[in-house]
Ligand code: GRG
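Okay, here we've got a single chain as structure tokens, the form predicted on its own, with questions on binding and movement later.
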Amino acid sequence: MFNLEAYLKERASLVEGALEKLLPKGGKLAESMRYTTLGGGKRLRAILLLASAEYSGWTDLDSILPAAAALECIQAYSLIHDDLPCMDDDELRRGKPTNHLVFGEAIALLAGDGLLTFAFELFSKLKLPAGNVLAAVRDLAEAIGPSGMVEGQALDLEWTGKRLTLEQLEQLHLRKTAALLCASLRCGAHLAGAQEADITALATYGQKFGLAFQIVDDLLDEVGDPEKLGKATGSDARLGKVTYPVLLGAEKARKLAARAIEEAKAALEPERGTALFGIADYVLSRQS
């Protein structure tokens, strides 16, 4: 019987080891990069890349671990920048002071820049077929650039304090949250040399998964335990952001998340999707 808790723990440990080994050492910039990247986290994006590759028939996880680590570098970069005073101005992340409070805004900004660039350096050093790596890099760059995650953050700033429709809210979070999660799955499939049908199915899973993840995130910000979350709750309301529970109410938001997870699972073949099914169900019950 599949043990999701053991699976997540084992995969997270693999990624943690790779990050510890690969991240730069020495100097204030490197210290700042390591502070956020090694400062905890579920390693969800990295695990999705590994699970996607396995879904696509890949068994040599060591060969793609640097790519999984690269996704965590990108996630850390986005968190550092999101926490800056010019963005969400947060003081806590994973139970610790945010990067700019420890290292100053200038070093925090550069640490984010460094992590983003370093992620692509890690991809460039993969010893895999060049075409597979190029396809993964192209997908990733599109997902986190001006048509993806960065645009999502820009929309978040532009639309704060404004009334939004459900369609606009989904547009925002398909970019800000779902894009990197979806790219994690597509990257794993590309690196494994998957067929286009599998890549499309995994992308559908990723989009629906990403929306559900954001809805649960919104709910946790409203009613979650700050100690478990490692950060203050209620920040969305203080900033005047429209969230799923604000727009729909908590109960309808939960039902929307559950439906998105069912749609995500429906995109995959059950006999190959055990791990991804488990991860999808986990999102609905997470407390942090």
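Being a predicted model, the structure only gives us computed values, none of them experimental. So that there is no doubt, residue numbering starts at 1 and follows the sequence shown.
Omitted here: the form predicted together with this ligand. The next part is about that form.
If the criterion is a non-hydrogen atom within 4.5 angstroms, does every one of His81, Val150 and Gln153 touch this ligand in the predicted complex?
Yes: each residue has a heavy atom within 4.5 Å of the partner.
Answer yes if any heavy atom of Thr177 is within 4.5 Å of a heavy atom of this ligand in the predicted complex; otherwise answer no.
Judged by the heavy-atom cut-off of 4.5 Å, Thr177 is in contact with this ligand in the predicted complex.
Gln214 versus this ligand, in the predicted complex: is there a non-hydrogen atom within 4.5 Å?
Judged by the heavy-atom cut-off of 4.5 Å, Gln214 is in contact with this ligand in the predicted complex.
Mark Arg138 yes when one of its heavy atoms lies within 4.5 Å of a heavy atom of this ligand in the predicted complex, and no otherwise.
Arg138 lies outside the contact set for this ligand.
Answer for Val102 alone: is it within 4.5 Å of this ligand in the predicted complex, judged on heavy atom distances?
Although this ligand is absent here, Val102 would stay clear of it in the predicted complex, with no heavy atoms inside 4.5 Å.
Can you pick the stretch from 197 to 205, 129 to 137, 158 to 166, 214 to 222 whose heavy atoms fall within 4.5 Å of this ligand in the predicted complex?
Of the options, only 214 to 222 has residues within 4.5 Å of the partner.
So which of Lys42, Lys252, Lys28, Arg259 reaches within 4.5 angstroms of this ligand in the predicted complex, heavy atom to heavy atom?
None of the other options qualify; the answer is Lys42.
Within 195 to 209, the residues that have a heavy atom no more than 4.5 Å from this ligand in the predicted complex:
Residues within 4.5 Å: none in this stretch.
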